[in-house]
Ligand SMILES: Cc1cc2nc3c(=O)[nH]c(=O)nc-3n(C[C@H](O)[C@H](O)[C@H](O)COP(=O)(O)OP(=O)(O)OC[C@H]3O[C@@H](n4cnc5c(N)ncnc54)[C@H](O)[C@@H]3O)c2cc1C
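So this first bit is one chain, no partners, the form predicted alone, shown in structure tokens.
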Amino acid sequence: MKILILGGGFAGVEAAIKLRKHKYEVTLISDRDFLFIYPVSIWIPVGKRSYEDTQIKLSDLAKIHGFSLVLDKVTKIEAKNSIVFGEDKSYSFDYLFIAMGMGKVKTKGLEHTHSICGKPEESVIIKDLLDNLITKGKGNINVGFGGNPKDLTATAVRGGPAFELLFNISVLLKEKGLRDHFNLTFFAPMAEPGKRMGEKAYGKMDTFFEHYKVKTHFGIKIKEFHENAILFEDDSQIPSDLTLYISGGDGHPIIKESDLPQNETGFIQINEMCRVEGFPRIYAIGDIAAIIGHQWAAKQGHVAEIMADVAIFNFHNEQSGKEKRMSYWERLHIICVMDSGDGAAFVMRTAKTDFMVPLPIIGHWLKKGWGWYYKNSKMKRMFRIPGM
């Protein structure tokens, strides 16, 4: 039985590990040779974590967990013919798990921005640009995120890292005695950015903006990014020496050109078992899949791992002749430790409740501890806590 996994991120690696626990032979195909730990990459620009320490080599994970690794870039998927094409060769499969992430909405002038959720090397570029501004001693720094107008469920947004990076930059400038020489602005086209976290958490965001001396610009669509400014549809603009922007998510270009079923945004349509509609031998997990079930849900790293766990549970039970199935709908929730450089806030939202708990000082160390735990547990250096 040929089992392929496409993608070496959170969902793909988790799927490979879980399949190996059930003794299946599996091949993971990735276009880069490492897993990048995005949740802690917010510290690379401010010099609190190195680029190298935010990676786990896929070859090391393959050796430890026993899956096969192929470094190749997927160029085409023919689902009906059970074949995947790469730049180097083609790959047939009996079962396929797709976990290649998502594309991004293209806004005019996007090349003048940099994203902490883009390619891993972007984090280093942001650090260099920030260091240059600090050397100059003054400037205008704008941080924000956007959505996708075609995304009816509005799940293709990723605002948390934007908040975290902004607050960390404010703390860094304060530590260097330069905070009053810089203008920090948080911008977003939606009127209430961050509300997906829940009413209680959103209601406390003004306190964070005030504490870190951040201006806001909400509720006006972005018209264009310039090299030194952000222009909005009402013709207002914000001067900018550094624009850090997390674009709204869009369907992966390879998926849009495939014969796989897609929603209006280009995400793969799946059922609650993470199985692709109309393709019983194909599963889609993580950002590449259309998340349904809760209007407040969002694409996050831990959601990607939840979907991987659900997909492998259902796949294994099917192979074992067991009737029990699992739904990812039942396990959807938002959870994050929103780091702010000198503290953090624990945010939780489920179908029944939502809350935010400020964690001054200790919260920052809690998130750093999670980064250490994630890396070492994946490398089998310590016990892996179920569901984390």
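One-based numbering along the sequence shown. Predicted model, so just to flag it, every value in this text is computed and none were measured.
Just so it is clear, the following notes concern the form predicted together with this ligand, a form of the same protein that is not shown.
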query	finding
4.5 Å heavy atom contact, Pro239 and this ligand in the predicted complex	no
Distance check, Lys256 to this ligand in the predicted complex, heavy atom within 4.5 Å	no
Distance check, Gly219 to this ligand in the predicted complex, heavy atom within 4.5 Å	no
4.5 Å heavy atom contact, Gly286 to this ligand in the predicted complex	yes
Which of 157-165, 143-151, 313-321, 224-232 sits within 4.5 Å of this ligand in the predicted complex, heavy atom basis	157-165
This ligand: the contacting residue among His211, Lys204, Lys174, His302 in the predicted complex [heavy atom, 4.5 Å]	His302
Heavy atom within 4.5 Å of this ligand in the predicted complex - the one residue of Ile116, Met273, Leu130, Ile282 that qualifies	Ile116
Stretch 2-35 - residues with a heavy atom within 4.5 Å of this ligand in the predicted complex	Gly7, Gly8, Gly9, Phe10, Ala11, Gly12, Ile29, Ser30, Asp31, Arg32
